[in-house]
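In structure tokens, the next block holds one chain alone, the form predicted alone.
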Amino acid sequence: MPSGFVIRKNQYYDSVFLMGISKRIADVPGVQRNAVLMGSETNKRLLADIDICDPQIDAAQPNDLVVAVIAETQQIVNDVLRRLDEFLLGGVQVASTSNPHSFEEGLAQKSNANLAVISVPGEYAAREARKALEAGLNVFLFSDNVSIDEELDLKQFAAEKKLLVMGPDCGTSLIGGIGIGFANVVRKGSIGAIGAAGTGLQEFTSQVHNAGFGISHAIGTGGHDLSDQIGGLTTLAALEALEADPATRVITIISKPPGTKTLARLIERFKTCTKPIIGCFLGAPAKPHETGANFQCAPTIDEAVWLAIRALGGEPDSNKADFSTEERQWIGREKASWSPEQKYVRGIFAGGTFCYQSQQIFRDAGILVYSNAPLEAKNKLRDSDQSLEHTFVDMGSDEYTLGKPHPMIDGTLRKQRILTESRDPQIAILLLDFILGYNASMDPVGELFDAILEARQNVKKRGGNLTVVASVCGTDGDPQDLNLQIKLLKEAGAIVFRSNAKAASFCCELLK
């Protein structure tokens, strides 16, 4: 298939910006694949994996922009590369107007700053993060591909200086009401949150807002922080900061199960905390014991929200966990519309936390689910592209995002997977998540709308019916227009819930 590339010398952009440009190029008719990357050694290997090789690429430096396009015709390739400035300008229009070219220049412009946001290729991220820490700044480290040894070194250094390192691979934080990374528009309040997963923090903070309450701070830690290699250094530092913060009255921690040694360390800290703590350790087989009077354990994010609100003296509408009469009627209606062959659910997720939480809900219901990111290794798919019986796929995992935009930014890969799943005569339920907020796609439902309609039509032609169940994570303040996104889903024939846990539980009821 025709391909081509362009190299722009000394034209550096961060990874969030580049994902947006890649999305704009992917939307061009006839473009099959593209890569918009800096010329680091890791990125050169990614280009080689899609057969984009050239001595000029080999010679590219980490500050050089490399844009490669594979398309149906050479004319399309040439047109896209010729229009590169147009794509870049379209991204710059929503970017900051400041133009520092180094950390030192940025610090000179913002001499009173106390937080640095770092989004550079992983092999350079630790060096830049250390510069920020040495300058007395807390760090939000969006970059991934930072080694465990480098992460531990950064966090130990930060602990010595009484600073926070949020990350590496930290997708979300809310500091004093300001969102960093992928974040929703939520009101300020007195609930503090600590999260090892970005979409977990987004779901928690959005539901708190939607319940009429607010967030003081939501501190991301990065997915490895609660491993025994790191020992929860950022989690413990964040816990100390929120405990000392007069605006925070209750603290919630959301993560996958911590390492055994790290959990024991957390439990000892919980016992001395002066504020109520809610722990939501998704996928944990049982709640930790002897954690102190101030600690409560929640099996799902929804329940973590209810417990946090109760800790403030509020009365959450926990009855929303139950299905209404109308929703139970939907269950009977949908089951009756399936053909005898239809019996499996396929979950195609943009949010890794939602994939994980959904598996937990199915496990607790006694339903075995396979995944590329399973709760247990024995349930791992041999091939992530080939579903097996009940299957949940995290489309945001590294295997799908290396060199490509995250599915929260670009729904192309999810769209393709939806259509693939619809060709399986045994599919009965399609479970989807949609995540709103800053830096996410401005129309996540619109990107998949046609695919949902086509998938339902494919199943209808075989004499069955595809039940589409969707959750929407967001608030009324998000730029995507929450009500419009929900309306579009319903027009596509989807059953819509405002929480991932409720959507997954509904699918379990359908399969009983």
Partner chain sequence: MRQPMESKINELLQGPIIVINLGLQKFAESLEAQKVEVVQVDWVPPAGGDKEMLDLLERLL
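Numbering follows the first chain given and starts at 1. Throughout, rigid core stands for the largest set of C-alpha atoms superposing within 1.5 Å between the two forms. What you are looking at is a predicted structure, and each value in this text was computed from that prediction instead of being measured.
This protein has a second form, the form predicted in complex with its partner chain, left out of what is shown; the following refers to that one.
Please name which of the stretches 329 to 337, 297 to 305, 135 to 143, 201 to 209 has residues with heavy atoms lying within 4.5 Å of its partner chain in the model of the complex. In the other structure, the partner sits against 135 to 143.
So, L282 and its partner chain: in the model of the complex, are they within 4.5 Å at any heavy atom pair? Taking the distances in the model of the complex, the answer for L282 is no, it never comes within 4.5 Å of its partner chain.
Check whether N63 has any heavy atom within 4.5 Å of a heavy atom of its partner chain in the model of the complex, and answer yes or no. Result yes; N63 sits at the interface with its partner chain in the model of the complex.
Is E123 a contact residue for its partner chain in the model of the complex, using a 4.5 Å heavy atom cut-off? Result yes; E123 sits at the interface with its partner chain in the model of the complex.
Is N114 close enough to its partner chain in the model of the complex to count, meaning some heavy atom within 4.5 Å? The answer is yes: N114 has a heavy atom within 4.5 Å of its partner chain.
Which of these residues, G214, G177, P425, G314, gets a heavy atom within 4.5 Å of its partner chain in the model of the complex? By the 4.5 Å heavy-atom cutoff, the listed residue in contact is G177.
Please tell me which of Q386, T325, Q109, T260 lies within 4.5 Å of its partner chain in the model of the complex, judged by heavy atoms. Of Q386, T325, Q109, T260, the residue with a heavy atom within 4.5 Å of its partner chain in the model of the complex is Q109.
Let me test this: is every residue among P100, L164 and P246 within 4.5 Å of its partner chain in the model of the complex, going by heavy atom positions? Each of the three qualifies.
For the stretch 375 to 397, return the residues whose heavy atoms include at least one within 4.5 Å of its partner chain in the model of the complex, in the order they occur. Result: empty, none.
Superposed on the rigid core, does the Cα of L65 end up 2 angstroms or more away between this form and the one not shown? Result for L65: yes, a 2 Å-plus shift.
Comparing between this form and the one not shown on the rigid core, is the C-alpha shift at F497 2 Å or larger? No, the C-alpha position differs by under 2 Å between this form and the one not shown.
For M19, is the C-alpha shift between this form and the one not shown 2 Å or more after core superposition? Yes.
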